[in-house]
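Take a look at this single chain in structure tokens; it is the form predicted alone.
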């Protein structure tokens, strides 16, 4: 009787300990939650296969890969943090890191990911290394390029001015549009960035010490960029019909369907065209600069962050080591179309193509988003300025002057 009471007492105490359940005396399996960004080209079959394969290889760990549309990802993360229930890991825009670090929300990657995995990452992809600490593991990094529908034109413009002339020449709506341009506000400010960088501009003054000064979207380069965009959309009318109601994911299928000559796009173009059953072969080239400038494409980097207050970070690190094997990470890279971030995958034959050669050339002169706290808010302000011009509410100079003033005020300048 005494032995039974002692056993029951021990059982009750064990049941009260964190990390235990007492159904058959089994230790509760750690659960890893991963917020999985829905990139163009990424399939549900791949997500499910990865999740199932990891749990089969690691039956002592539960894994929940949660699909999240990119437009919802920032809000999804901040809401989970505010509710005290963050995921172990999440794909993030690398540009969000300073904001997350300011919230003391993320932890150093090298605490959880093996040295062999980290040593296999291309050094140039380590954009999320801040003050010597890797705060985000690169998951996707790729410069933007221009794709040309060779069934409409084979002309490769060397300047934005040449691009405009050819877009006007081939434009024949509704059968053919000269150029794709998203006009609906979405998560990324990509299209304005293409033209701003092509004009030799940037979003902020960069001081000698690398810090950001005042907002410069209203510089002559910024005004030139937005004036040109408005010319294409509202004067030349060479962009797709209904552009103001289309974000990137809604507008690019017009190109995949063979109805547009030019599009500025990312490395996912081939996988997306394959899924769309496109019937033409694209030509790849650099996004052209304005006359007198050099080509400066936009490069996008995304990372995987580890969230400090989650419960099972070591198990999450084990999953990352599994995911970053060539069998899985190389397939992920193929689907989303980004060049591999791992050294071993970059040597595989599927990445030795004209598309990846063009992407590699683009990366040499590319610029990324400002890595600064508050960028999500500031890009939203710039988007409003772009839309006000498209809607003929303001001139490019008025809209960008107002946007720059708002951003400087928000930054206390």
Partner chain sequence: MSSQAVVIKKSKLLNEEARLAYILLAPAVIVLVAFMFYPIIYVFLMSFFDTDKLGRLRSFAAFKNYKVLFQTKDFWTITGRSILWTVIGVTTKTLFGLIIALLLNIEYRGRKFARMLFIIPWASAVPISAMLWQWVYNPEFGLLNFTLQATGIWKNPPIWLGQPISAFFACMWVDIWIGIPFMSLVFLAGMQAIPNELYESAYIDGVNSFQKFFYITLPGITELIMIATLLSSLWTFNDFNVIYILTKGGPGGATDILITSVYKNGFEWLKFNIASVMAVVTFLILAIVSIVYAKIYFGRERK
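Residue numbers count along the first chain shown, from 1. For clarity, every value in this text was computed on a predicted model and none was experimentally measured.
Same protein, other form: the form predicted in complex with its partner chain, not shown, and the subject of what follows.
For this chain shown on its own, do 95, 299 and 301 all sit within 4.5 Å of its partner chain in the predicted complex, going by heavy atoms?
-> Verified in the predicted complex; spot residues all out of contact, no.
Any non-hydrogen atom of residue 245 within 4.5 angstroms of its partner chain in the predicted complex | Judged by the heavy-atom cut-off of 4.5 Å, residue 245 is in contact with its partner chain in the predicted complex.
Determine whether any heavy atom of residue 311 comes within 4.5 Å of a heavy atom of its partner chain in the predicted complex, and answer yes or no.
-> It does not: once its partner chain is placed as it appears in the predicted complex, residue 311 has no heavy atom within 4.5 Å of it.
Hey, in the predicted complex, does residue 66 get a heavy atom within 4.5 angstroms of its partner chain?
-> Contact check for residue 66: no, nothing within 4.5 Å of its partner chain in the predicted complex.
With the cut-off set at 4.5 Å between non-hydrogen atoms, does residue 40 touch its partner chain in the predicted complex?
-> Outside the cut-off, so no.
Choose from 251 to 259, 205 to 213, 148 to 156, 281 to 289 the stretch whose residues reach within 4.5 Å of its partner chain in the predicted complex, heavy atoms counted.
-> Among the candidates, contact is made by 251 to 259.
Of 172, 114, 72, 165, which residue is found within 4.5 angstroms of its partner chain in the predicted complex when only non-hydrogen atoms are counted?
-> Looking at the other structure, the residue within range turns out to be 72.
Would you kindly say which of 81, 315, 330, 223 lies with a heavy atom within 4.5 Å of its partner chain in the predicted complex?
-> Result of the distance check: 81.
Relative to its partner chain in the predicted complex, which residues of 363 to 381 have a heavy atom no more than 4.5 Å away?
-> Sequence-ordered list: 373, 376, 377, 380.
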